[in-house]
Each structure stands twice: as C-alpha cells, then as structure tokens.
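In the block that follows, a single chain appears as structure tokens, in the form predicted on its own.
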C-alpha cells in the first residue's frame, strides 16, 4: 500500500503566498513624463503624436546612471530660442520628461509631420556638470564611427545609434571595437566643435522600416524606448 504524502498546512500556505513587490525607489516615485510627441514649448514645432510603438525594446538607457532629464535644449531655459537664463537653471533638471523628436530642425525626416525635424532626443545628465557622467552602449554591437564629438554604434539588432556631444579625450572606444551592453563609451559634455550647446547627450536611433510599402532606413522615434529603458534603470535592472 502506497504511503500518502502529507504536506503540513503551514508549509502549503507559505508556498502559495506570492512574494511582496519590491518597494518603489524614491526616484521611481518622482519620475513622470509627458505624452509621446507632445513638444514643449509649443513653438518648438509639431511632434509625432500617438506613436507609442517601442522601436528598440529592451535597450539599456544610454546614460550610465539616473537621474537624467529628457527635454529641449534649444527651446529650454538658456537655449537659443528659449527663455532667458542659465542653461544650468534647476527647471532644466527636473521631471516631467518632454519628447523633442521632430522638434524644429532643417534635417529631412520622413516620420515627422512637417517632413523635417530633430533626428533624436536630447538628454541632460543628473547635474549641469560636463565630463562627469558616462554615455554607455545600449546593446551589444560594433563601433562604426568616431567623430570630433560623435560615436556611432551598430547594434546586433541592426539598428544604428548615435551619441553626440561627448568629450573627445574621454572616449574609450575605437572604430571597429566590439562592445557589450552597458560598456562606457565616453563622457557627456557640451562639445559641438565651434558651435555653442548645452551639456547634454543627443541620442538617436536609425533602423529599416517600411514607409509606403518600401523598406527605408530612417531615424525612428526613441522616446517610448527610452521611457521603458529608464524605468528599468530606476528599478535596478537596466
């Protein structure tokens, strides 16, 4: 006769209990973001509203550590077309995030409402200090270009990522180098050659998608992908 396996009720109850969710961090509680495509201020142009598709799922956030603030550099306080004041104004370093993909620019952009616009988004680091915070690889891949203030990464996914305004002497990679997700690339600065700009990282993504039935490699909206990546960074799971 087979013996019956008796599980004490206390152990059974313990096994059935679900783990309590990890409490939110203080930074998670603070983090807010405006809807995709909503440019602020309104004079900065027309964004790509309603495109909530995550074009680069699972990428790492391109700045090594939080907090970081995604907003307009040109139309922000102290910017070329922004309110008067310092680029280091505390209002430039606070939530909510604001999308600035498709912001007014002269670049041809087929996914932008006006056919022209900002090719990516601008991200301020935790503080208004240059050469302090690292930009990092968002996925495994190969470095394909090193410029005066630019690093290009071709990911295993086939997407190409650009990092602009890095401090040239701090760049740790060379053309042709293989990098892993999270590897340091260089320090965020205000380097734009002879052109003045704020301390920030310009980040954009280029991939092949179908437009009017034709496969075309274009700069795609990074905002929702970065919101997703930033949430994971804040959870300690970048």
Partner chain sequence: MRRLLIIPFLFSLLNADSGILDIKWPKPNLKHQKPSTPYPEVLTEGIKDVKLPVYIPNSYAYDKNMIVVADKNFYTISFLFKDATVMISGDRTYQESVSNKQEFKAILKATPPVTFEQEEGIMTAEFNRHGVNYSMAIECDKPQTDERCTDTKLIKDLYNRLIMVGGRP
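Numbering follows the first chain given and starts at 1. All values reported here derive from a predicted model rather than from experimental measurement. Here the rigid core means the biggest group of C-alpha atoms that line up within 1.5 Å when the two forms are laid on top of each other.
From this point on, the text means the form predicted in complex with the partner chain, which you will not see here.
**Q** Taking any heavy atom pair closer than or equal to 4.5 Å as contact, tell me whether residue 210 reaches the partner chain in the predicted complex.
**A** Answer yes; at least one heavy atom of residue 210 falls within 4.5 Å of the partner chain in the predicted complex.
**Q** Looking at the partner-bound form in the predicted complex, is residue 42 within 4.5 Å of the partner chain by any heavy atom?
**A** Residue 42: no, not in contact with the partner chain in the predicted complex.
**Q** Taking the partner chain as it sits in the predicted complex, is residue 98 near enough to touch it, meaning that at least one heavy atom pair lies within 4.5 angstroms?
**A** Residue 98: no, not in contact with the partner chain in the predicted complex.
**Q** With a 4.5 Å heavy atom cut-off, would you call residue 147 a contact of the partner chain in the predicted complex?
**A** Because a heavy atom of residue 147 falls inside 4.5 Å of the partner chain in the predicted complex, the answer is yes.
**Q** Are 181, 199 and 229 jointly within 4.5 Å of the partner chain in the predicted complex, each by at least one heavy atom?
**A** Looking in the predicted complex, the three residues 181, 199 and 229 all stay beyond 4.5 Å of the partner chain (heavy atoms).
**Q** Just give me the single entry in 136, 164, 128, 77 that has a non-hydrogen atom within 4.5 angstroms of the partner chain in the predicted complex.
**A** Contact check passes for 164.
**Q** Can you tell me which bits of 83 to 118 touch the partner chain in the predicted complex, meaning any heavy atom within 4.5 Å?
**A** Contacts from 83 to 118: 105, 106, 107, 108, 110, 111, 112, 113, 115, 118.
**Q** With both forms fitted on the core, give yes or no for whether the Cα of residue 29 moves by 2 angstroms or more between this form and the one not shown.
**A** Where the cores coincide, residue 29 shows only a C-alpha shift between this form and the one not shown that is less than 2 Å.
**Q** Superpose on the rigid core, then tell me if the C-alpha of residue 211 is displaced by 2 angstroms or more between this form and the one not shown.
**A** The answer is yes, as the C-alpha of residue 211 shifts between this form and the one not shown by 2 Å or more after core alignment.
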